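As structure tokens, one chain now follows by itself in the form predicted alone.
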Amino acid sequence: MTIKIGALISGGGTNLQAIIDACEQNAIDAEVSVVGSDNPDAKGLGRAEKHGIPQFVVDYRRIIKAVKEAPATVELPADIDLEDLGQRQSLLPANGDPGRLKRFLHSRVAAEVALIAELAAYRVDLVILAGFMRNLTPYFIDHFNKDPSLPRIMNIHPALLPAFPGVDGYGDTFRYGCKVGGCTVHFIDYGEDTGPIIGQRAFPIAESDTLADIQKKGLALEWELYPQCIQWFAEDRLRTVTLTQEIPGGGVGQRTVVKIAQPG
């Protein structure tokens, strides 16, 4: 079965290109049906256009500005409860400025309503984040993750999670003096880069390596790993499960893992 992918980007879209190439070479059972961006100037939109893939833009900067200046002019669907979303998200501190949290959720959900409408037109099976530099709220996540055992939003991160979440994984890896770096593909949950891990690749870091060297090594692995994880999804081989295990010395621990079934 060929799955339909909706890709979200913010910049150059090198991972998007790797996935498009894998689709066109029949290396994975998928097609990129649509590419969306929060940034009208994202160069990755040009990559999609070159391959005849529809594109759309939801201008986050414009929406955020509108909510800040005149929130009443940015309407949300009547069934959206910002207070409930605020309690479930873990991107901003629960004890922070309530007004700041409300503005954050108001602007992001307003943008996500538009994202969902655009993606719905293409009936996508999987949403992939390929350098999409916006945090997603529970509103968007719940729309796609209806089955807890099979999330439908995938992300690639430039570090070996759970180390170095956030926007500069390779930079953090470099500054910390790590001997090993890597990349991670994971499903999205309510936190920042905290979702269940699907796959990881690692590379050695030499003392002479620059940040550019680390980025080059990491990107080469990203372009291999992301299509592989998408193929596992296309083959219906991925399931998230919660494992309960006894901890030495007493107590019980839980962890959520992604099981990859054998083919066939």
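Note that residue numbering follows the sequence shown and begins at 1. As the structure is a computational prediction, the values presented were derived from the model and not from experiment.
Not pictured, yet referred to below: the form predicted in complex with glycinamide ribonucleotide.
Asks: So which of 74-82, 105-113, 172-180, 149-157 is the stretch with heavy atoms within 4.5 Å of glycinamide ribonucleotide in the model of the complex?
Replies: Result of the contact check: 149-157.
Asks: Is glycinamide ribonucleotide close enough to Leu91, Thr137 and Ile141 in the model of the complex that each of the three has a heavy atom within 4.5 Å of it?
Replies: Heavy-atom distance to glycinamide ribonucleotide in the model of the complex: none of the three under 4.5 Å.
Asks: For Leu219, is any heavy atom within 4.5 Å of glycinamide ribonucleotide in the model of the complex, or not?
Replies: Output for Leu219 is yes: heavy atoms within 4.5 Å of glycinamide ribonucleotide.
Asks: With a cut-off of 4.5 Å between heavy atoms, is Thr14 one of the residues that contacts glycinamide ribonucleotide in the model of the complex?
Replies: It does: once glycinamide ribonucleotide is placed as it appears in the model of the complex, Thr14 has a heavy atom within 4.5 Å of it.
Asks: Mark Gly131 yes when one of its heavy atoms lies within 4.5 Å of a heavy atom of glycinamide ribonucleotide in the model of the complex, and no otherwise.
Replies: The answer is yes: Gly131 has a heavy atom within 4.5 Å of glycinamide ribonucleotide.
Asks: With a cut-off of 4.5 Å between heavy atoms, is Asp193 one of the residues that contacts glycinamide ribonucleotide in the model of the complex?
Replies: Answer yes; at least one heavy atom of Asp193 falls within 4.5 Å of glycinamide ribonucleotide in the model of the complex.
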